[in-house]
Structure formats: structure tokens, C-alpha cells
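The same protein chain appears twice below, in two forms, each given on its own as C-alpha cells and labelled structure 1 and structure 2.
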Structure 1
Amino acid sequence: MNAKVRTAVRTLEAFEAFGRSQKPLTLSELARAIGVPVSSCHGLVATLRNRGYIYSVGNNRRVYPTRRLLDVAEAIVRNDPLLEFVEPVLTRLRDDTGETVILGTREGDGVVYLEVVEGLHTIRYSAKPGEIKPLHSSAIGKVVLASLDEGALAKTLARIALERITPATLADEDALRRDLEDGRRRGFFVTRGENVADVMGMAAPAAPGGQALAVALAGPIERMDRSFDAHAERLLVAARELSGLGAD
């Protein structure tokens, strides 16, 4: 990893550390949180302070992010060309089912959540945009795997570790392939406690503006099972609506 990339990673890790701690940190506390020497952390904090992203709290021994990062993030999200026109479809799917709705895509050998519309129930599946999930244990990941031709699928499965995330994870290649084939026949893909215990996910491919994405529903297995067919029908309708967006 070159120096510029390492600095970028440390910057992101620093903000994530504040997100976890939710309180001001001393230089040494921040250094421990991101796993770097205090001297390196000092330079990082000085740069962020000079750019207005961090300020000193109290006696200057502790630091905390300013709201500048939030302002920048909000400006980015407000003008996201994808989320602007998919949001109504995602929200309607959430309202129709009551469950959490996720839009995601492939990112390397995983999937990244681009948008999450939280469910309406008190007990629900919770996630955040930017979370990375495995290909083999997530419903969106199965959409990705099923879209690959045989050669690409074989290479991907040989490269990724079919880690057993939960006792229900399909860590056997033959079992996973059978599950992918079932999903292709149905038009949507299902996980039952394979990525998060007691959570069912179902996902279908969608291509708003021609982008290869997937839309998913997720919630407690027992509740999802009770409305399985109705939820699947609504999911497929939403996937078709999303695929029609941005088409000239």
C-alpha cells in the first residue's frame, strides 16, 4: 500500500473511530483506535484540524470532528444521480411490506449497500449504506453470483472463501450452486439466517439507468415467511420499476 492510499485509509478509519466512540478522543486514544503510532496520528489530526474537519475540545488534549464532514456528506447525497430517482420506488416497497429495503451492487468480491430504507416494525433488520457483505451469504450477493457465466462463477467461487458466517451459511459450493439455480428459476434469491441469524433476505436484480444493481427485502425469518409470496411479488414489481428508470 503506497503512502497516499495509506493516508486515505487512516483518515477514514479516524472518522469511523469517532463514530464508534461517540465522544472526543485524545491523540493516543485515536492512535490506538486506528492502529498507528502517535507520531503518525499527530500529523493526520493536524491536517484535519487545518482543513476544518476536527477541532480541539476543552484543554486541547481531546479532539472531535466538526459538522463540516456532515455538510459535505449531505451535499453529496442530495445530488446523488442514482438515489434521487430510485428513492420513491424503495420507499414504496418498504411501505407496502413494512420490511427493510436495501439497494446494493457488487464491490470487488463483496456487495456494498448503496441505500437502506429501514422497516416500519420495532423489530427489524437494520443496516447502513456503505456496509460490505459477502457474496455467498447475502441475498444481493447471490444475485451477483447468479449473473455470472459459468467461467466467471467458477473463478469467483474458487477465489472467495465460503466462510460460514452463521450455522446456516451455505459454505459448500455444491449447495450454493443449487441454491443459485433455484433463485434463477424463481427470479429472486433468498437467504435464511445465512448472513445474520434469524434474518431472511430476498433480492432481485434491477438495472436503473442500465446499472447492474439488486434490490432486497430483509426482516425476521418468521415474519418474512408469513408473507413470503406477497413480499416476493412486490419485490419483483419494484425490481421491474427500478429497471425501467432512466431508460430513454
Structure 2
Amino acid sequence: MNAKVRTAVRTLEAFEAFGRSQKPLTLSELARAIGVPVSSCHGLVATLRNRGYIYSVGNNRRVYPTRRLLDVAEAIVRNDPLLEFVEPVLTRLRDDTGETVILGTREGDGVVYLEVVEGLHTIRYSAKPGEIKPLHSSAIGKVVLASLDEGALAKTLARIALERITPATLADEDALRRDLEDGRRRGFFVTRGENVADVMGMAAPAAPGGQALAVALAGPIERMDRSFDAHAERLLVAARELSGLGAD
């Protein structure tokens, strides 16, 4: 169930490494950066060069990606079936609350972030699209769990380990079920430092085009608490707006 195809992962990790390093790398630097033997990295780099995804910079042996990956990524996003419609709603929610806004959905036994609009404060919850979070300790994950019927919920809870990630994590099934019940009643779900210390998340279900997603607001507990009720109300408005979008 975990990542399977090693080379696929490595290929993407190589690009991520360039994104982090912010400069051309030699073969061995790249190998070190992605934790791969130099000899294996050698073949990968040769392949990517052959394909025009990376090129050798200058006269030395360093390589760097061409714009090709950006080009592919832009073509993909240009035609994204979803995000075009939802982006304005998320940005308004961010502007009204000042906190980071996230759109996410279930992916396997986790949650994947589809879109992140970062908050306006210097201290803010920071995340990237594509990040994976646990079902039991993220606000969006609780939305997902709460949407399951009893049978599916029991099976899912049995399968996923309720790993204690912080002292506040609800690692106990009964506590988690009570928390889900609270959320169902309120219409939104909350985490208080259960996944990252000091972070509060609140999330509500949203179904743009009929697709089951969730929208979340996240920031430092202290600041979020001060505006808890206003933020919650604003979040629910955004969730309703999203659900009205895109007949798809």
C-alpha cells in the first residue's frame, strides 16, 4: 500500500531536490540529496538528459532542469477541471480571515491537499499542494471520516493506526468518535494541535461539482481561538459557496 515504484519516486525527488537546492548540482550532490547511490543516480540523470528534462550547465559537470517540467505542469494546471472555479472562493476566505486556506480530499487512507492559499500573517500555517496528512489527526481528515457510514468508518478505523503524532492527538477510538460526533452537530471539524503542535485547523465538507472535498482554515491556536466563532461562520459560508459551483 505504500509507495511502490521506486524509480518513479526518485524521479520526482530529483526534481524536488533541484527545487530545494536552488542551484545546479553534480551527479554526486544530487545522489546525496535524494539518498540514492551514485551509480543508480547516474542512469537516472542520463535518462532525464536524453529526454530534455535536465541539461548540463556551463562547462563543469553540474546539471539543472530545463523549463520542460514547468511547461508540462502549466499545461496540466491550465486545464484543471476544478481549481479555476474554486480559487476565488478560497482566496476570499483567506482575505477575510487572514489565515491559511486549504482544499483537500481523501486519497487512500490519507488526505491530500489540492490547493493551498497561504495566510497573510508572518506566522502562519504553511503547506503545499500534494502534501499528505493523516485521516485521524487533520481537520480535513475528520470531515472525511465523519462522512462515512458506520460500516465504512469501523473498517477504516480498524485499518489505520491512530498514531499519536503530538500529545494532543486523539489516538483513542472512542475519543475520536466523540469528536466526530461533535463536529457533525456543529457542521465543522476542529483539530487543536493534534497533528502539529500549536496549530488549530477547522474544516467543513464542500462538494463543488458534486465531488466530495473539504475546505479548511488553519493557523496558530492562540490566534484562531480569538476569532473562533467568526472564522467558523465564515468557513461555513465558503463551504456553501463551493458546493454551489461547477455543475461538471
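Definition used throughout: the rigid core is the maximal C-alpha set that superposes within 1.5 Å between two forms. Residues are numbered by position in structure 1's sequence, first residue being 1. None of the values given here were measured: they were computed from a predicted structure.
One chain, two forms displayed separately, with the form predicted on its own being the first of them, structure 1. Once both forms are overlaid on the rigid core, the distance between the two CA positions of D179 between structures 1 and 2 is under 2 angstroms. A displacement of less than 2 angstroms separates the C-alpha positions of R234 between structures 1 and 2, with the rigid core held in common. Here the chain moves as two rigid blocks between structures 1 and 2; the smaller block's rotation against the larger, from C-alpha superpositions, is 14°. Once the core is aligned between structures 1 and 2, the alpha carbon position of R32 differs by 5.1 Å; this is the C-alpha shift at that site.
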